[in-house]
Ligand SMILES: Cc1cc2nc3c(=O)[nH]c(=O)nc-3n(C[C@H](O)[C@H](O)[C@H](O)COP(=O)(O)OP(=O)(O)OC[C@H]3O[C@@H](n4cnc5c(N)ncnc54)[C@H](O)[C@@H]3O)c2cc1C
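Okay, here we've got a single chain as structure tokens, the form predicted on its own, with questions on binding and movement later.
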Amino acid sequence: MTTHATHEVFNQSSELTGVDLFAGHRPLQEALRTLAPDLDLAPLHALGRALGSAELQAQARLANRYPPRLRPYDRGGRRIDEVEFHPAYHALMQCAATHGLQAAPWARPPGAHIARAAGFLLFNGVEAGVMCPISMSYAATPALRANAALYAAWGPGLSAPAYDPRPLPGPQKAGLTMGMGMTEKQGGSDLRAITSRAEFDQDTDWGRCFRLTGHKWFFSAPMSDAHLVLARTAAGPSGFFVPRLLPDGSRNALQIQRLKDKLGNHANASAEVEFDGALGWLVGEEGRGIAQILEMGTLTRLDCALGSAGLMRQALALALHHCTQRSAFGRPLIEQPLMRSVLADLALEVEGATALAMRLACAVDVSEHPGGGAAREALLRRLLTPIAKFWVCKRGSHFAQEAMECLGGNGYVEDEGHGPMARLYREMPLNSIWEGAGNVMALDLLRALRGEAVIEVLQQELAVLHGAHPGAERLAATLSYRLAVPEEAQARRLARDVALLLQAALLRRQAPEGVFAAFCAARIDAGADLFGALPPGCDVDLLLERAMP
């Protein structure tokens, strides 16, 4: 058959592969030098090379192109409630677990949470869906300490740097994952509205065992080895450990009704389930379930902020890579002043997002180890969690849209998963929604501000801004009254302003002066409502040079 070569393909950018994604992330490296100067960076470079490889990026494409499928029955009609994943999903999970991104920090010395946070941030830029079970395993593991027998049986497998998808009872596996089941149809974020109930069954080697009846409207990663589930006893909402397989190898009475058809996050399965007498072991005190969930929420919310920062960084890297290779109107896009302003503004956002998310990770790390400022960092952790979750995640969707526009129509095209920018765009809204949407986070900030000690810690963090920039000082001066008498209707404005001041303070400590000055000019003085409107005088060359992948 004759082929007709009508044209030569040129002026199309190549794939961004064969790179070390950590080596190209200057803001992340600087955050680590400031927060954990003795940290061994070799594992992060190894992860960065793996994530930047063509092989792993192909796995990310396949895991999203061929999403999980529910198989409720076997060929003989027996109920099995299995979710089948493409092999690429398992390869990604193996990579994440091998690099210690799940619960490994709970069994490692100080600094492990910071290292894990950096790796988690990097991984999200390549494939965010598998990070859901990874994040929940990280957050749920410390909650199990409230049941010593359960923690002894399951803790080692959860913290092991291994992934084991085999359908076996948990203690028989090399590596374990956990999920959570809280939300119900009628309640959403209002967990006090749950109707699922738990009735005492018997005392066992794992403690008090109950039978659960009810449902969950969002049940993420249903093929996890176990879930922490909220159900109501006579004492009120309580936390239960619900394994997928019981110790004797039989299925627990948990039925998957269907998988959610979501906008993004396609590699990850999110389910609707019903409990029909499912066995669950009490974790902690009866009636204290919501308090337990809020404690776990501080960790999943950290991961939401890290995840959004990672998605932003990868979207920026793709935009820079494209604009370096693509020409229009006689010169490369990267050389055109208006495009440079857009890209530099996006780079500035990544600087601030990375700094804030990693500072929260540091507060988590220090507060989890006695001494060394743990009490102060615990206060800061309480404050930073809703701020970082609110602001970093809220900025993500707008950021992704602007980064996509840098690629034009090529950015909008899925091309059977070969267009990663479209996947990043679909992924962005999720971190802002789950684990507490914007209003929930703004209201949580108001709760965190109850107490002079928290406000004092915030003022200490912002002290570095004194005399550094007039606009930042003026904004900081308004906080005294706003923090003392916060108004609920203004909670979002307060969260935004505190986030901007914290980002400025962090950049003052760890970034070049030109980055700090540009951030204050663009985010505090100008308060621009769109990307690409950097004020005159911002060091665009510096911002772009630091951002190149």
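Just so we're clear, the structure is a prediction, and the values are computed from it rather than from any experiment. The numbering used is simple: start at 1 and walk along the sequence shown.
Beyond what is shown, the protein has a form predicted in complex with this ligand; the following relates to that form.
Note to self: Checking a candidate spot here: are Asp20, Gln29 and Leu506 all in contact with this ligand in the predicted complex (at least one heavy atom each within 4.5 Å)?
What the structure shows: Result no, not one residue of the spot touches this ligand.
Checklist line | Heavy atom within 4.5 Å of this ligand in the predicted complex - the one residue of Gln459, Gln172, Ser189, Thr478 that qualifies | finding: Result of the distance check: Ser189.
Next item on the list: Could you check which residue among Trp106, Phe85, Tyr151, Phe218 gets a heavy atom within 4.5 Å of this ligand in the predicted complex?
Entry: Checked against the cut-off, the match is Phe218.
Next item on the list: Would you point out which of 336 to 344, 249 to 257, 218 to 226, 152 to 160 contains residues with a non-hydrogen atom within 4.5 Å of this ligand in the predicted complex?
Entry: Every other range fails; the passing one is 218 to 226.
Next item on the list: Report whether the minimum heavy atom distance between Ser397 and this ligand in the predicted complex is within 4.5 Å.
Entry: No, no contact at 4.5 Å.
Margin query: Within 4.5 Å, heavy atoms only: does Glu435 come near this ligand in the predicted complex?
Written below: Judged by the heavy-atom cut-off of 4.5 Å, Glu435 is in contact with this ligand in the predicted complex.
Notebook entry, point to check: With the partner left out of view, is Lys262 within 4.5 angstroms of this ligand in the predicted complex by any non-hydrogen atom?
Noted result: Yes - in the predicted complex, heavy atoms of Lys262 and this ligand come within 4.5 Å of each other.
Next item on the list: Evaluate Met296 for contact with this ligand in the predicted complex, applying a 4.5 angstroms cut-off between non-hydrogen atoms, and reply yes or no.
Entry: Because no heavy atom of Met296 falls inside 4.5 Å of this ligand in the predicted complex, the answer is no.
Checklist line | Stretch 175 to 189: residues contacting this ligand in the predicted complex, 4.5 Å heavy atom cut-off | finding: Sequence-ordered list: Met180, Gly181, Met182, Thr183, Gly187, Gly188, Ser189.
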